[in-house]
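The chain that follows stands alone, in the form predicted alone, written as structure tokens.
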Amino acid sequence: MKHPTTIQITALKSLILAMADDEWMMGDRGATWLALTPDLEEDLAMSSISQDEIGHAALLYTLLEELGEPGADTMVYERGPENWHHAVIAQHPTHSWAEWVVRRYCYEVFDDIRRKALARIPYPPLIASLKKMDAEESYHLLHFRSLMSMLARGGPLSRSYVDTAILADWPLLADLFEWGGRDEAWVLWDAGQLAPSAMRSAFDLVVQRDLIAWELEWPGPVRVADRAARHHDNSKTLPELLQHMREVRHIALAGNW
């Protein structure tokens, strides 16, 4: 993309921002599980994975800064709820370890599909950033797929927790695939893989295959998101979450974070 048009740059910033916000929120929510995971080994893994996600978000916010947006500190610590564009599932509270595992497994499958699609956009800084993220993200998917298999095969009680978690989180997956426009809009990139319908179909194929292999019930295709997807103007929970997330930062507003 030697000379991107204004429309292409606007669309590119929208894609990067949604991904950055997803990564930040998943990293922040993952950190809340520290010292609460089933064992020390998983606690260490969760610490590493959460740090990875926050690092990936910072990398993506830097890309946005190069495209004329504010710096990472401003994006994280000063935006109001109406200006965040993560999927709602990234901030939604979890009620059990099984639900967190199910959520992260679904997110990592989606994120794997998303990165492969974004890599088709001929914007070298984005491609370079995705390559930096790939090794760590591949481990994240492997890790949560392994945990899903372990819980699914852990006996009737463990399976019941997983079944309950799948049913609870499935309706929340829809806006992961909302990229801000109709399928036809993605002719800008000559990359139909970025279209919401294509990404949902790819996700459904992977997850259905895995759930069948684990002898878990397949809930059916992910539904289409409504127009409110990735917009948090009326969120009742995000303002409190952001306040908690920024609590330490606001102790020293002039500090270099």
Partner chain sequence: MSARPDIPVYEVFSQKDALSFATHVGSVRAPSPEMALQLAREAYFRRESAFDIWVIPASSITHGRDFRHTLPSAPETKAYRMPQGYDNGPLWKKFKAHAQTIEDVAKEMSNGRSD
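Positions refer to the first chain, counted from 1. This one's a predicted model, so the numbers in the text were calculated from it and none came from an experiment.
Keep in mind that the form predicted together with the partner chain is not shown, yet the notes after this line are about it.
**Student:** Using heavy atoms only and a 4.5 Å cut-off, decide whether all three of Leu44, Ser48 and Tyr139 touch the partner chain in the model of the complex.
**Tutor:** Result yes, every residue of the spot touches the partner chain.
**Student:** Are any of the heavy atoms in Leu147 no more than 4.5 Å from a heavy atom of the partner chain in the model of the complex?
**Tutor:** Heavy-atom contact with the partner chain at 4.5 Å: present for Leu147.
**Student:** Report whether the minimum heavy atom distance between His143 and the partner chain in the model of the complex is within 4.5 Å.
**Tutor:** Answer yes; at least one heavy atom of His143 falls within 4.5 Å of the partner chain in the model of the complex.
**Student:** In the model of the complex, which of the stretches 56 to 64, 35 to 43, 218 to 226, 203 to 211 has residues with heavy atoms within 4.5 Å of the partner chain?
**Tutor:** The contacting stretch here is 35 to 43.
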